[in-house]
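Coming up is one lone chain in structure tokens, specifically the form predicted on its own.
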Amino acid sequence: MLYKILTTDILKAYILDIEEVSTYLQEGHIEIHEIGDGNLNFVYNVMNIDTKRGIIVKQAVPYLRIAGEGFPLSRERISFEIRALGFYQEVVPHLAPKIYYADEAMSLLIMQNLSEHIIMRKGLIDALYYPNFTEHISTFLARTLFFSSSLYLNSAKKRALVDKFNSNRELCKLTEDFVFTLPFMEDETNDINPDLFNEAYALFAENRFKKNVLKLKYIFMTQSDALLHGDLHTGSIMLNQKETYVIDPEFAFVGPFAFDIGALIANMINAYLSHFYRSENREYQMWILESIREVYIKFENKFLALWSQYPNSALLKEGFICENELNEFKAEFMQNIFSQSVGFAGCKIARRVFGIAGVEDIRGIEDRERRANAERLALRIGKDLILNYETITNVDMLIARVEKG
């Protein structure tokens, strides 16, 4: 079938013509609602009101949705999402949605409907607690990063993985532009709060800050450690009090271990600081900070346990080095991952202040003065993490700097 954008008017006929989808939905009254609130794609909630069975239909359009048709973008990104979800089904099947149908020619993906779950960002805004989140997301990070790395794969399989994912150049370029470059200089895509013009232009002239951003951007562009989700923020996680699912891996590529970790930490920090100007719920803020601590500690423990379980890889042959020196190497290795995670978190926090893609946690604050103060706080924290990431060597140091503000 030739590509065409599926509006709500024609989507029903298209999906009911797919045997496996129509069989799953069964006969009944079908309702369709467009629910996409992201920057890239159209997303539809399709529900059989009679059987209570539902699916999610996601379609890529040939432009950046947030910027409009004047910003062309390849539809191939759905192919990378399909491949990444396939990998997740191998290593973390309980933490990723099931795929029912995929059509690369139509840039279309039909997935499990997570109607009993909500986007984590919205839950954090509403100050909801998620007792299983740190256990689940640390497992996701440890297993997806380890099993796609040269710490597990042999050289041939690692190179094949790179070849499979690293043609995702357009979305990598979006990250290079909108995370590491444009929000830190004058650019027409920026969305600057008029109350923060002075702070914006001071940042644009701060060259020591920019030097560290360039270091982190270069790591992002050149370091091929493992398969990344590529956009692991709290808008890419759906959960409830029992289950957690990671969604939307269209940015997937083989990059630095630290990038997904840093992205997640950044969004949790944004949620934490937003509550100074939303609920003013100190107990909930402390839960967020403790969750950040738990996520990283659990990730590191699980990652190291996998490394010990699989001692032969492209990097290492069992017996090559004695145990004491190997443990020292691993400790230095993990410390480097953490410090880079802090730097990437800083970029992700700071870029949300003036860049095109802000976050609802902060930009959704209705009171003008409170929003401006929240943005100033986010900017201070983001800058501090970028300027000092190389000397922040453990999660307690990170938490202390965030609390200091």
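All figures in this text were calculated on a predicted structure; none of them were measured in a lab. So that there is no doubt, residue numbering starts at 1 and follows the sequence shown.
FYI, the form predicted in complex with a further copy of the same chain isn't displayed, but the following is about it.
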Open item on the list: Given the stretches 119 to 127, 97 to 105, 237 to 245, 251 to 259, which is the single one in contact with a further copy of the same chain in the predicted bound form, using a heavy atom cutoff of 4.5 Å?
Closed with: 251 to 259
Open item on the list: in the predicted bound form, is there a heavy atom of a further copy of the same chain that lies within 4.5 Å of any heavy atom of T222, even though the partner is absent here?
Closed with: yes
Open item on the list: Can you tell me whether W287 touches a further copy of the same chain? I mean in the predicted bound form, with a 4.5 angstroms heavy atom cut-off.
Closed with: no
- [ ] Answer yes if any heavy atom of F184 is within 4.5 Å of a heavy atom of a further copy of the same chain in the predicted bound form; otherwise answer no.
- [x] yes
Task: 4.5 Å heavy atom contact, K211 and a further copy of the same chain in the predicted bound form - done: yes
Open item on the list: Between V92, L114, L316, I82, only one gets a heavy atom within 4.5 angstroms of a further copy of the same chain in the predicted bound form; which residue is that?
Closed with: L316
TODO: Let me know the one among F147, F180, F276, F133 whose heavy atoms come within 4.5 Å of a further copy of the same chain in the predicted bound form, would you?
DONE: F180
- [ ] Could you list the residues in 323 to 345 that come within 4.5 Å of a further copy of the same chain in the predicted bound form, counting only heavy atoms and keeping sequence order?
- [x] E325, L326, E328, F329, E332, F333
